[in-house]
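What follows is one chain in structure tokens, specifically the form predicted alone.
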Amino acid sequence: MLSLVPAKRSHSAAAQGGMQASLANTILGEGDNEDVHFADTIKGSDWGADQEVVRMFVETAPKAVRELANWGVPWNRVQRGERHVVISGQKKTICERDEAHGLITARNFGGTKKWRTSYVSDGTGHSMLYAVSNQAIAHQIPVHERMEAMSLMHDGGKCFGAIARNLITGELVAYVAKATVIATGGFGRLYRVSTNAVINEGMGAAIALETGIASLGNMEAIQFHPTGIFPAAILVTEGCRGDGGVLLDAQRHRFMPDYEPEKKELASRDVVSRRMEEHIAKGHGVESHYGEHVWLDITLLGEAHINKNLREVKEICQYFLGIDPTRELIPVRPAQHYSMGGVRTDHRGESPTLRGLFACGEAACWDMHGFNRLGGNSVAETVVAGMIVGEYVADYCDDPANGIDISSGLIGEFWQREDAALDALVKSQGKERAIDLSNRMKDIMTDRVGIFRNGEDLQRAVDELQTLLVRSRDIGIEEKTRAANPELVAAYRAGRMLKLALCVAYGALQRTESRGAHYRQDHPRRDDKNWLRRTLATWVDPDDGLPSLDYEALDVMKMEMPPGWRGYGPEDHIEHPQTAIRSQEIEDIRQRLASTGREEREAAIMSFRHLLPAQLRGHNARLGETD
């Protein structure tokens, strides 16, 4: 494994709120199962997700959370008897079942019908990351830290590893492999205001794009999290609202029920972010030296609850804002948070166009999130995709047909190409500075390719990003060493980041509809008739100024859950001509098989279990469930 930073410092350590899995242990999760989790995820995706992949995910998530418990993740647990909770701003008392005592508990999260998010206070990602890392150490898996993959080696439509650079010494190394997995996270640092770590610049997706063979899917699908602290944009978890926190405006009015009376603060993230920005635009924002924001109020949760379950949030507020959230309001405003797009893969996690190249997690468009991800489904995806894709990687490597048949001469050519590119940068007398180009790109993406989009702004963004891309070919650096050199790193990443930004902006310009986190003010309706399809971006010629876009249709007649109303705002979308046909077909199947078990009905509507590795096909046990 190659890692830019020590693996335990990767961005998953910042995940706070929890991991979704339909365990149904807590009383407010009672009745939850794979079907409910599946429906929540599909609605959350605004019908942009691959429904077979979502089924694979929801079936495996309970197995994953239990395996992590076995590995030492100290999940919060159910305690029998009465306890006090805050639901929709009101204090209530619930009573947990005796038989659930000691089982993994869950909290509420946005866009879900049940309390499903398993958590470790608000340090869930940290605990998960350390548990998995400890397993890697126990199994003596080599981790090469401070190493950056610079390009993928490929021949005849197959990937054979990567050329990597040692960030300390500057040495280039060829890693030759039967299978290569990109698990490098997202590309939030294309934006000025982002909750992402500074290492999240999208280089995994960029080197896949630069092969000219692998494609990136749905790059225009960018999620903005409602509660980045203002102005630093550091994330405070959705668990704040899941545990009962509310959003207030300048007049201390709780405004979300005015827009979304059913789900309120716990609508899907794309919906809450838009409502917050709309409310600020109407003149209800809180004025500050840095601009306008709204308030997040978690004081009603009480000091004991915050100190136990939201302790990291409290520390962030104390260190970065100088406030005590047990007594004071938290200034928040939406910030870029997650990338639904990434390296396009099939259900096995493999690129359909470049064999031997796999991807998983946020770096991949697998595609289980579609155009909006539900909170808690990301850290769940990292381990679930690891479990599933890992098995398929092993199968690929075991197949005698997938031997390493790349020539040493071609490996040398890839190495020499990267060496020459670095040498040229070091010797360049170019007039451009990478930091200037990067900062301008971030301003463009934040101002014109943000929560609200329109054709005019997107066209201007594409035009200027193209100009920046041309300018990036004339970058010069002052520090000439090939060893540890942040200026050199910024220089060779700048053009790649601009290519990713163009994939986002150009894809958003072409998609003339609104779906999930992609909201076009000039095309506010979801258009299933023309746009129920996945964007595929490739960059065939390195000198091209724009990516080539193609589209992959989502087959309504194979869906378990045909497109419908998400449950937010007016029921207003352009329907796909096959939706009614498929809906009736599913209803007929359910009536015909009403007396059979759930698995038989599943197989008749949309068979998926055969896509899972054999050891992951077993049923998930729940309290009181017999089917």
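All residue numbers refer to positions in the sequence shown, first residue = 1. All of these numbers come straight from a predicted model, not from anything done at the bench.
We do not show the form predicted in complex with a small molecule, though everything after this point is about it.
Q: Please tell me which of L502, V449, M203, V332 lies within 4.5 Å of the small molecule in the predicted complex, judged by heavy atoms.
A: The option sitting close enough to the partner is M203.
Q: Only one of V246, L425, M147, I104 gets a heavy atom within 4.5 Å of the small molecule in the predicted complex. Which one?
A: Answer to the contact question: M147.
Q: Is there any non-hydrogen atom of A14 lying within 4.5 Å of the small molecule in the predicted complex?
A: Contact with the small molecule, yes.
Q: Taking heavy atoms and a 4.5 Å cut-off, does F230 contact the small molecule in the predicted complex?
A: Flag for F230 set to no.
Q: How about V5 - does it come within 4.5 Å of the small molecule in the predicted complex, if we only consider non-hydrogen atoms?
A: Contact check for V5: yes, within 4.5 Å of the small molecule in the predicted complex.
Q: Considering only heavy atoms, tell me if G376 and the small molecule come within 4.5 Å of each other in the predicted complex.
A: G376: yes, in contact with the small molecule in the predicted complex.
Q: Partner absent here, but in the predicted complex, which of 68-76, 541-549, 483-491, 359-367 has residues with a heavy atom within 4.5 Å of the small molecule?
A: Checking each option against the 4.5 Å cut-off leaves 359-367.
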